[in-house]
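Just the one chain here, laid out as structure tokens, in the form predicted on its own.
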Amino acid sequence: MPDGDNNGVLDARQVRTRAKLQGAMLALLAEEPFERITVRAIAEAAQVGYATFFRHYPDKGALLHDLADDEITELLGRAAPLFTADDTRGSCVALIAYVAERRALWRALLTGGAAPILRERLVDQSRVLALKLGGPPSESRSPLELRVTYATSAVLEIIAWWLREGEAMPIEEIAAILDRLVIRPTLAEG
């Protein structure tokens, strides 16, 4: 939500402050659940004034959404090859490794209070991407939009489960489950 004074354009100072706030949120997410993080703690960790936070975001949820937008785009960019790769298992490993590198953020995005909204955004963006990449309708047994919705939801559920309960499971093992339960069956349906 850019400040209105610049017609939606952020100046260098605003960009730096937002980067500090996002960095602080990431650092705090590594230590505790989103629900326990306060705006005061974010401002303190970012070394900005409490009121400064509110010049950039109306609440901590908006900050998380801003942070999530880039992650959603990156995750979708990494997930798209899953459905066209010759080596779907290797693509699954790359996707899970990416999530593992940003574990605190993805745990907050997929298992925290904002999870339903963010999942819906991911599914919607996945549909748009699939329609753009999918070309004309195929002779599939199932509509593309349904396959994308199912596959995206299933991928997110498996990742969320892994972040909540199965983190001790190695990346390669959860990737194999993802490939076996979601990717290969979805591709076979297409």
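Position 1 is the first residue in the sequence shown; the rest follow in order. Note that the structure is predicted; figures quoted are calculated from it, not measured.
A second form of this protein, the form predicted in complex with another copy of the chain, is not displayed here; the remarks below concern that form.
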property: 4.5 Å heavy atom contact, R121 and another copy of the chain in the model of the complex; result: no
property: 4.5 angstroms heavy atom contact with another copy of the chain in the model of the complex for E31; result: no
property: 4.5 Å heavy atom contact, L181 and another copy of the chain in the model of the complex; result: yes
property: Contact of L146 with another copy of the chain in the model of the complex (heavy atom, 4.5 Å); result: yes
property: The single option of I158, A130, A41, L67 touching another copy of the chain in the model of the complex, heavy atom within 4.5 Å; result: I158
property: Proximity to another copy of the chain in the model of the complex, single hit among A154, L163, L26, V48 (heavy atom within 4.5 Å); result: A154
property: All of S142, Y150 and I174 within 4.5 Å of another copy of the chain in the model of the complex, heavy atom check; result: yes
property: Cα separation of P33 and E173 in the model of the complex versus here, shift of 3 Å or more; result: farther
property: In the model of the complex, whether the C-alpha atoms of F34 and E101 sit closer or farther than here (change of 3 Å or more); result: farther
